Ligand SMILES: Nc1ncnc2c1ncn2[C@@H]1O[C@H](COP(=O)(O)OP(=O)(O)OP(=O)(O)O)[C@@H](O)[C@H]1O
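Take a look at this single chain, the form predicted alone, given in structure tokens.
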Amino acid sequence: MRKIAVAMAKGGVGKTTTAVNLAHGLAMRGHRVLLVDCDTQGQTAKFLGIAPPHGLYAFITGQDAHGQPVDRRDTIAPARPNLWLLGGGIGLVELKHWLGEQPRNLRQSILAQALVPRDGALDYLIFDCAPGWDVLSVNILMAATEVLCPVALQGPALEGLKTFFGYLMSAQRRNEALELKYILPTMYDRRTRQSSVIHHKLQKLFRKQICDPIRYNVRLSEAPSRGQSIFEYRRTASGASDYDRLVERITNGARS
């Protein structure tokens, strides 16, 4: 099973868009995928048009917000064929408090220990990470083995990447299996010089990790309001072909 964290220190770079479309693209190819929403905004469920009653908080703690016991199996919501969701949302604020109260030598690896499916049950774990650095972020990077960084080709893109590298290096000291595998340029607009300049810099810095860019495409921003991935909303859109290429790159990575 491959465990991929879609992570970046900066918000607004397309993390959730990438996590949802990557997860659904993999599922459409027959891979069994669990998408884990690790953001208090809980956008992943909205992007998929579902409203699971429980999520990651109940999965880890074994109880709901009112302290009532919850069976772990009831926290994993079916989203599409071959795709399941562990939802995020405001309950993750309490989860961070709960994690912080656990013994210091255990608190950073609780998520990794909990997310161990039976043999063959899943092919991919995809983590949709929040920006920032806290006890939940550490848990995600202890559970993951691969990192995919979306980098928006606008504004101070490289500054956000530099900040994230600090987080990543700290995590790698504890999790030697963790590897930066993919740099994904997002919001690529050929009409602007800034997009081309930042893209060129990324190509020079990350020759092995750089992926084909996700072009700026209004359909990608419209799809979540319909509760659909780009593959469902507009299969012929450039965003769909771009995410198809990302899925192909990642599935090929399993054989490289």
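Everything numeric here is computed off the predicted structure, so don't read it as measured data. All residue numbers are counted from 1 along the displayed sequence.
The same protein has a further form, the form predicted in complex with the named molecule, not shown here; the description that follows concerns it.
Residue Leu220 is the only one of Leu220, Cys38, Ala27, Ile198 with a heavy atom lying within 4.5 Å of the named molecule in the predicted complex. Annotated contacts: Arg80, Tyr124 and Phe231 are all free of the named molecule in the predicted complex [non-hydrogen atom within 4.5 angstroms]. Contact with the named molecule, judged by heavy atoms within 4.5 Å in the predicted complex, is confined among 57-65, 189-197, 27-35, 211-219 to 211-219. Residue contact with the named molecule in the predicted complex: Pro131 places a heavy atom within 4.5 Å of it. Contact check for Leu22: every heavy atom lies farther than 4.5 Å from the named molecule in the predicted complex. Shown here without the named molecule, the chain has Lys10, Gly11, Gly12, Val13, Gly14, Lys15, Thr16, Thr17 in 1-25 lying with a heavy atom within 4.5 Å of that partner in the predicted complex.
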